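There is one chain below, alone, in structure tokens, taken in the form predicted on its own.
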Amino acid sequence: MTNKPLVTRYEDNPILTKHDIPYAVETVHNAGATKYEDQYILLFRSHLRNGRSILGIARSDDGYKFRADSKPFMVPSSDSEFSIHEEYGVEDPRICLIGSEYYITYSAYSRFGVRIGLAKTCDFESVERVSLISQADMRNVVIFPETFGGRYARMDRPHSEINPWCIWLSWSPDLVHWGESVPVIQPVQYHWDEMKIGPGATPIKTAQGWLNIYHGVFPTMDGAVYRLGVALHDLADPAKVLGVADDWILSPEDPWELTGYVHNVVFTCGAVAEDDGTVKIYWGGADSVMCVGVAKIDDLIELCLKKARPPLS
């Protein structure tokens, strides 16, 4: 067994900190990622000094050196339909390209709990809110970038105190109304993701299946540790899980991952697959900064298939 890391960290991490943002924020983390017109896009979450969250945008030509726009991309809505559910902030966006439109799922926090909002953009200059697509309490929704028999699919993570928080899969005819939800991946007792799991980056289509980069949490005497893992879903039916890697692929190691707003965290909301068979994975370090690393897609698939555990126990 080799000790070589599956994810090679960028030597100049972190790639974005609060000091790179031209308006006042205290953190830069948990960014959705995509490419638009040959540019890399990060939609990142930031805490304001009142403790609530907004979404900013940064752009890059190479996927490593990013420049933040002069103003935020999304702030809590003033539209009454959304404002009551976004009063505490908007968080943790994921980006999914469907046709010519980029759909953004995000967590909307309010006195009523956390719901998932859906927005869309064609140019990353303007953004339109579409709908709230879940009840409370729901987090970590990622949409598959293709339809299956005319229906959309998503992975989500409802809160539950009865059973460890699982990844579920749901279906929709229109991206707004969702149902037929089933659990597809469950944490395993005394594994690295024992406490809870949730989908991370938008699934990546490969010849072997949909690659799902997710987060898992393990409780320790010093608090929770957030790591990243991978699973592989069937191309035709993503509710069918072909393999869940028993090992994590990324764990907090660098100082800015071990210490920050929330200690011991690597948390992804976005990854970009490249033509050379690699994937750039973007993650928030300690809920404070943004980092990036590169992995070979085939290595991640191999881990799912050759060192697998049952998706449900």
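Everything numeric here is computed off the predicted structure, so don't read it as measured data. The first residue of the sequence shown is number 1, and the count goes up from there.
Only in words, not in the display: the form predicted in complex with beta-D-mannopyranose, which the text now covers.
Asks: Does beta-D-mannopyranose come within 4.5 Å of a heavy atom in each of Lys35, Arg59 and Tyr102 in the predicted complex?
Replies: No.
Asks: Indicate whether Tyr106 is a 4.5 Å heavy atom neighbour of beta-D-mannopyranose in the predicted complex.
Replies: Answer no; every heavy atom of Tyr106 is more than 4.5 Å from beta-D-mannopyranose in the predicted complex.
Asks: So in the predicted complex, does any heavy atom of Arg227 sit within 4.5 Å of beta-D-mannopyranose?
Replies: Arg227 lies outside the contact set for beta-D-mannopyranose.
Asks: Give a yes or no for Phe267: in the predicted complex, does one of its heavy atoms lie within 4.5 Å of a heavy atom belonging to beta-D-mannopyranose?
Replies: Close contact exists here: in the predicted complex, Phe267 approaches beta-D-mannopyranose to within 4.5 Å, heavy atoms only.
Asks: Is the gap between Arg154 and beta-D-mannopyranose in the predicted complex 4.5 Å or less for some heavy atom pair?
Replies: Arg154: no, not in contact with beta-D-mannopyranose in the predicted complex.
Asks: Partner absent here, but in the predicted complex, which of 66 to 74, 242 to 250, 257 to 265, 274 to 282 has residues with a heavy atom within 4.5 Å of beta-D-mannopyranose?
Replies: Heavy-atom contact with the partner occurs in 257 to 265.
Asks: What residues in 35 to 55 sit within 4.5 Å of beta-D-mannopyranose in the predicted complex, counting heavy atoms only?
Replies: Going through 35 to 55 in order - heavy atoms within 4.5 Å of beta-D-mannopyranose in the predicted complex - there is one hit, Arg45.
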